[in-house]
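Coming up is one lone chain in structure tokens, specifically the form predicted on its own.
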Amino acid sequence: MIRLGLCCKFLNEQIRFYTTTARYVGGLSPEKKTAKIKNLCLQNAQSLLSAIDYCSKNNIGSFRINSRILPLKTHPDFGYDIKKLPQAKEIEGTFKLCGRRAKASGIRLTFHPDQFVLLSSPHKEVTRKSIQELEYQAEVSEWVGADVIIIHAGGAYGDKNAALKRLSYELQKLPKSVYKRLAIENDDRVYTPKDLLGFCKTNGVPFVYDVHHHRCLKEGLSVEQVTEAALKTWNREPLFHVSSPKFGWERARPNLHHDFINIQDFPECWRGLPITVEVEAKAKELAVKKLRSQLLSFRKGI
């Protein structure tokens, strides 16, 4: 049975995740800065609990956690140790409650770090900061039971093979808490499924198949071929991505996401598979509900 996933936030529901900027907290006194960060962390933990409850009540099987759920956590000037914040036990305890609630409700939790997380970069400082970000998300993943942290392979930097060698090297050095959750997704500009399937198998990292990206950056493999190969890279429930082009496939910039999923863009070979499919659509929960309804109608032959 397919598990549909909601990504990061809501369109209509009054469930919000809050952040702040370095510029803003930089103008606060140390006491007010600490209080601000503490309040945001606690609010976001409580919002995550609400998000899990919403998904449970609305037959949404997975929720992607916003990578900034602990605002400025790894900022070079304003980063912090969560255990040193006021009400640290309450913050951590609320996140752990999220994990128990998600497990009891059968809701899968995932992370997908921002684009600046790059393990294939030739610049050591970029790699260092990327690993720091992954370690933070793994820490929250431990609390909430998230089992996937998705990254892209990064740039080619003029030599795709060399970039993949750097990525492989860095993967082997990652803390276990990060490595056991990490999965790699194909993108729409540089790395195709053909580039990454063998790499993922060799490095023991699952492959997240983004079918929209594949349709934007074709390399000869069919959707059916990639699906079959991707499934074999997983040692737990496979996770894929689906989205539709904002202006259609024949117009410029087909990589832009539509508000909803065109049912024709949902691969027929995915239907009935025991997988998680994260729905990357601008209409958020509305898009997930609509897609679920369409898939149910398809299954019933309506």
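Please read all numbers here as calculations on a predicted model, not as lab measurements. In this text, residue numbers run from 1 along the sequence as written.
One more form of this protein exists, namely the form predicted together with the DNA; it is left out here, but the text below deals with it.
Novice: Would His112 count as a contact of the DNA in the predicted complex, using a 4.5 angstroms cut-off between non-hydrogen atoms?
Specialist: Yes - in the predicted complex, heavy atoms of His112 and the DNA come within 4.5 Å of each other.
Novice: In the predicted complex, is there a heavy atom of the DNA that lies within 4.5 Å of any heavy atom of Glu139, even though the partner is absent here?
Specialist: Judged by the heavy-atom cut-off of 4.5 Å, Glu139 is well away from the DNA in the predicted complex.
Novice: How about Ser293 - does it come within 4.5 Å of the DNA in the predicted complex, if we only consider non-hydrogen atoms?
Specialist: Ser293 lies outside the contact set for the DNA.
Novice: Evaluate Asp195 for contact with the DNA in the predicted complex, applying a 4.5 angstroms cut-off between non-hydrogen atoms, and reply yes or no.
Specialist: Residue-level check for Asp195: no, no contact with the DNA.
Novice: Since the chain is shown here on its own, which stretch among 101-109, 73-81, 225-233, 200-208 would lie within 4.5 Å of the DNA in the predicted complex, judged by heavy atoms?
Specialist: Of the options given, it is 73-81.
Novice: Which residue among Asp147, Glu133, Glu170, Glu92 has a heavy atom within 4.5 angstroms of the DNA in the predicted complex?
Specialist: Selected option: Glu133.
Novice: With the partner left out here, which residues of 193-228 have a non-hydrogen atom within 4.5 Å of the DNA in the predicted complex?
Specialist: Residue within 4.5 Å: His213, and no other.
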